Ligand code: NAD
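Quick heads-up: it's one chain on its own, the form predicted on its own, in structure tokens.
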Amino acid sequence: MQNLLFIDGRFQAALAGGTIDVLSPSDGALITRIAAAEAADVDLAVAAAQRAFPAWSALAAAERGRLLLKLADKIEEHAEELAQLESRDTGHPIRDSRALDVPRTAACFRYFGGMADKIEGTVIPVEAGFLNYVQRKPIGVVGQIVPWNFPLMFTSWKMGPALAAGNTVVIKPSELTPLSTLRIAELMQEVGFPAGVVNVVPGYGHTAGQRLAEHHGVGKIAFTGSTVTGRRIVEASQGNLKRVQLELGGKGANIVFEDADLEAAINGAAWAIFHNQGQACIAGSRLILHERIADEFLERFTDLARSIRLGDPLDPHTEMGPLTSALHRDRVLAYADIAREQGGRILTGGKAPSDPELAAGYYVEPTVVEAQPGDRVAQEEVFGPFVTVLRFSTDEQALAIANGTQYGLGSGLWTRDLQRAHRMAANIRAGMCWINCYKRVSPGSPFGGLGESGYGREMGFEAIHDYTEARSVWVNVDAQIRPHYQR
């Protein structure tokens, strides 16, 4: 597996020679040591991206698209290898890496490969005698910071639209899970991306990430991660007023009404919170139940949670793997103590599994806690297999609870009442709402949040707009129109 920085078309050690240990979340064993980028390495990567930008942005859009399409094919060709690598590095169950992460990565590159030559301008109706048209132009060098929870997929979400629009990229994967992003760089090299168009600089956030966010040679910074770090990104970006795109935390409201299909809602709610061990910003981490069905729902839901098979992420029978790091496991478990201190009731989980075969890994049992809307576990992002249950009696109360946090990313609701579904979806303060489903994504559908969940959008035409600048051009087409001060 690749463990060096990728700068200007070649793999190389960090200038200072530093390395970072990449550990297996399933047993804590060393997978490999990667080169640790620091500020000087980021400077080299940005300079390479600047040199590559003029030729890349001038390349025919169809040719940029062709390279992205070839990359999508190459990812599918190496699908099993990438799935194994992602599961080993992150703890994702291999069945999910195979069925979701790798196919979604290929699909995203393929979507933006097809969009590259369809980025159109507009003609604005203005007064007679003038033609006004607007072009979409690439920003230049963009910096991208990818989180540790879905590194392979988020690499495609960020690079796909940026490259299709004609930008060059310096991307920093998390130091915890850099391996799939580095492998993508190798595949890009194989299919013929020019040197410097993409540069990969894994490293710590306070060194490599900080330098990338503050670098004056970077025209935009796109970050996915915590709200706390997002604020630091904004502060660091102010030196050259670069554009900022933030996809931050969430505390997804998942509302189940009394008329819902309970079987579908129970399974959907479990998927919403326990997929990828709950390590998803869009996770349905607040389960808001109508009081008439709450007891029956919880009995069946907790039984399902207890039945989820924890185990080695490379075992195809595993349904939930370990959390990605020991530090994060401890943080999630601490919230069980916080819930107890505030009077919450732990219905199941709240601890590491007792199975000795899992003792060396970073595992947490699926956890269900009943609490009050103002409790910390109902307000703060836990980012683990930890769902907070809240009850309501009226639609208005459900909406107030759903909108009662600082976040606004994902949300869901389960009902057979079509009018209620549309009414609630229109009033939930979130960038995305799923009705009778949860966690559905598509390369063509915008993904992003409101409030402290960030701003800007991944995917779809909105992503292309976020990676381009609008340029307005005015043409005098009437020879009779003269300047006002003509003598």
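What you are looking at is a predicted structure, and each value in this text was computed from that prediction instead of being measured. Throughout, we count residues from 1 along the sequence that is shown.
Beyond what is shown, the protein has a form predicted in complex with ligand NAD; the following relates to that form.
>> Given that ligand NAD is not shown alongside this chain, does V146 nevertheless sit within 4.5 Å of it in the model of the complex, heavy atom to heavy atom?
In response: Yes - in the model of the complex, heavy atoms of V146 and ligand NAD come within 4.5 Å of each other.
> Does at least one non-hydrogen atom of A336 fall within 4.5 angstroms of ligand NAD in the model of the complex?
Replying inline: No.
>> Considering non-hydrogen atoms and a 4.5 Å limit, does ligand NAD approach R300 in the model of the complex?
In response: Because no heavy atom of R300 falls inside 4.5 Å of ligand NAD in the model of the complex, the answer is no.
> So in the model of the complex, does Y111 come within 4.5 Å of ligand NAD, heavy atom to heavy atom?
Replying inline: Although ligand NAD is absent here, Y111 would stay clear of it in the model of the complex, with no heavy atoms inside 4.5 Å.
> Hey, of 185 to 193, 301 to 309, 357 to 365, 171 to 179, which bit sits against ligand NAD in the model of the complex at 4.5 Å between non-hydrogen atoms?
Replying inline: Of the stretches listed, the one contacting the partner is 171 to 179.
>> Between P385, G91, G209, G284, only one gets a heavy atom within 4.5 angstroms of ligand NAD in the model of the complex; which residue is that?
In response: Checked against the cut-off, the match is G209.
> Which residue, V197, L399, L248, L85, has a heavy atom that falls within 4.5 Å of ligand NAD in the model of the complex?
Replying inline: Contact check passes for L248.
> Can you tell me which residues in 218 to 233 come within 4.5 angstroms of ligand NAD in the model of the complex, by heavy atoms?
Replying inline: Going through 218 to 233 in order - heavy atoms within 4.5 Å of ligand NAD in the model of the complex - the hits are F223, T224, G225, S226, T229, R232, I233.
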